[in-house]
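Quick setup: one chain, the form predicted alone, written in structure tokens, and binding and motion questions come after.
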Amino acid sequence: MPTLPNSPAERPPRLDARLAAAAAFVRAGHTAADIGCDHGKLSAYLAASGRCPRVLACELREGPLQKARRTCAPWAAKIEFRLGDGLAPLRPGEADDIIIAGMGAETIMQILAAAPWVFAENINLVLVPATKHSLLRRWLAQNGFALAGETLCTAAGRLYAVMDARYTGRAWQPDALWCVCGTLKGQPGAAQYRAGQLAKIQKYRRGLAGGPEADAVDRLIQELEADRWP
């Protein structure tokens, strides 16, 4: 594992559990792109720890990008700052580890769909959806990506599923239970996660009239209630 510098002035900001889990999925020795880098803490960590020889910190807005520049200043030789939407600031193949954290699942899906070059086996996607985890899992499966890993963590009182996805080209249609729960069963906090997802689905069901969709949601609720994780 890479080691951090000894001097406090050279150490990157401390990562919360969500970003620490994302950093753990980034492959050592690869160029990483931090999409929506915000404050730049993750970019700083990846450069300062020696995990990545080159980091591309990308932001949609100039204000957050300037904040990232300040955060990352001690490691500016290893970090390039790009202004733009999603993966547009990158040349195809310029980074092979791509981190997208803090955005809703639908935004993440739009960003990936707009960059066909990420549909390649050498690309490692580290995704931390802020909302609608199940939609992202379904999209990944339907578009030929497999979950190489998934970590459940708590940050600021919220549970996050941090996903590591790789393109295989083998698209498949996952069932609803897999979309909701992914590969998290057995991890610390998984029972709480399942219960939270069940509560959201039950609330959604109350707003539905009868019909095929309601029947499908009823079946999913039954499966979630039957599969009570320890």
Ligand SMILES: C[S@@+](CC[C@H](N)C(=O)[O-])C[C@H]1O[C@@H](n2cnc3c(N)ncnc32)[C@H](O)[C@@H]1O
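Note that residue numbering follows the sequence shown and begins at 1. The structure presented is a predicted model; accordingly, all values stated were derived computationally and were not measured.
What comes next is about the form predicted together with the ligand, which does not appear here.
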property	result
4.5 angstroms heavy atom contact with the ligand in the predicted bound form for T107	yes
Proximity of H39 to the ligand in the predicted bound form, heavy atoms at 4.5 Å	yes
4.5 Å heavy atom contact, D85 to the ligand in the predicted bound form	yes
Interface membership of G50, the ligand in the predicted bound form, 4.5 Å heavy atom rule	no
One stretch from 193-201, 57-65, 163-171, 180-188 that, in the predicted bound form, holds residues within 4.5 Å of the ligand by heavy atom	57-65
Listed residue that, although the ligand is not shown, lies within 4.5 Å of it in the predicted bound form (heavy atoms), from A101, V118, L147, C153	A101
Contacting member of I111, A141, L90, L125, with respect to the ligand in the predicted bound form [4.5 Å, heavy atom]	I111
